[in-house]
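The chain that follows stands alone, in the form predicted on its own, written as structure tokens.
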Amino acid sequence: MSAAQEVAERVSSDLNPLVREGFLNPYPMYQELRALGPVVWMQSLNAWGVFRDAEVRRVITDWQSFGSKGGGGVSNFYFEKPWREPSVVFEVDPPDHTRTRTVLTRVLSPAALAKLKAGMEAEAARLVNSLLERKTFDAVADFARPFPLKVLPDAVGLPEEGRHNLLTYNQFVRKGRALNWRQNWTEADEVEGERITNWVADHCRREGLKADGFGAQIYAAADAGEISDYEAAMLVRSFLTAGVEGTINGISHTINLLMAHPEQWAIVRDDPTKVRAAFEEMLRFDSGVQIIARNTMGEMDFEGVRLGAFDKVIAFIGSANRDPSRWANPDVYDVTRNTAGHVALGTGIHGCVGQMIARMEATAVLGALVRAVDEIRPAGAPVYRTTGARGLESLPVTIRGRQGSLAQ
């Protein structure tokens, strides 16, 4: 008997934090859903949901019981064909995952990232200095977006032309992770989806990458027989597409939170070494990524509930990061908090492989801003994306530079 057939005997809910009002502010829903129990059948998602820190942590770390092959979104690859070829690092389990992850981990070693630091900081200073002259600008379009779109593809070795296509591709990835996505796509979606998939595939090939970037190093692993050429191209795709948008969202969310909490901005302004802490607390408090999905690898009992084979289980990491059983005053944004242990970037073998470069980017560009700016305030209402990852489309701001100061 399937999970759906047995649902009447189990705790279920018609709440859906992924749509409508829940999407913009899911936290009141999370509080209700945590109170229902350790695992809840989500009727509108045709999936199980876990909302407490303990259960979320188990689902995203126990890969033997909760596998990644069924996809990281609501769509269940065991029963619905994925929109694009699955990732060879995010949507795969050991032993294949071990091979591809090992290559990426080596390419993104601390020593390799250290070589990028000076260049990133120089680019961040250049960007901030240009914005000091304007004073009023869009913190998404003019700050959070152009920086990762330059420094990360530069590091991979992607040519400059057409990089905006990476963001379009991510929009389609989100569409393709939705439940019953085929029923909701228009003909125009199909045409554009094929175009953008082909563009990304073309630009992740060996021939399209510069010889001195991370992409070339990934292909060197293929030449050494560690991975296939196909896997190398897919690793380049995963690194590029996942890394750019997530960092854009993180930078803009941090700025928005610091403006909304001026006492926290004052702490960071007076001590710019706390920029990294402000970014980490943003990840805990209001990350753009709110879920990590897995599938059961067989029938199993989980917290007293019988789950069917290949059932979709959605770990609501945004809820776990506000779980009062794990965090004191979880609904308070506090840059002095010890944020060690948050699950915004996953954990275990499937933790975000690019998290250190994302942190380095955010620290560089936010640090340049904080060192050069005395005051930052809203210049208009923020505009949020209404579907997919919880990101800002627009964030108008006005800044006042420190007297006689430029970003260094």
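Note that residue numbering begins at 1 and tracks the sequence as displayed. Keep in mind it's a predicted model, so treat the numbers as computed, not measured.
A second form of this protein, the form predicted in complex with a small molecule, is not displayed here; the remarks below concern that form.
Residues placing heavy atoms within 4.5 Å of the small molecule in the model of the complex fall in a single listed stretch, namely 83-91, out of 322-330, 218-226, 83-91, 257-265. Although the partner is absent here, residue 243 is a contact residue: one of its heavy atoms lies within 4.5 angstroms of the small molecule in the model of the complex. Contact check for residue 57: no non-hydrogen atom falls within 4.5 Å of the small molecule in the model of the complex. Remark: residue 345 counts among the residues lining the small molecule in the model of the complex, judged by a heavy atom distance of 4.5 Å or less.
Taking the partner from the other structure, the small molecule in the model of the complex has a heavy atom within 4.5 Å of a heavy atom of residue 294.
Proximity to the small molecule in the model of the complex holds for none of 29, 45 and 181, with the criterion being a heavy atom within 4.5 Å.
Put simply, of 357, 372, 376, 39 only one has a heavy atom within 4.5 Å of the small molecule in the model of the complex, and it is 357. Contact with the small molecule in the model of the complex, judged by any heavy atom within 4.5 Å, is made by just one of 145, 163, 337, 101: 101.
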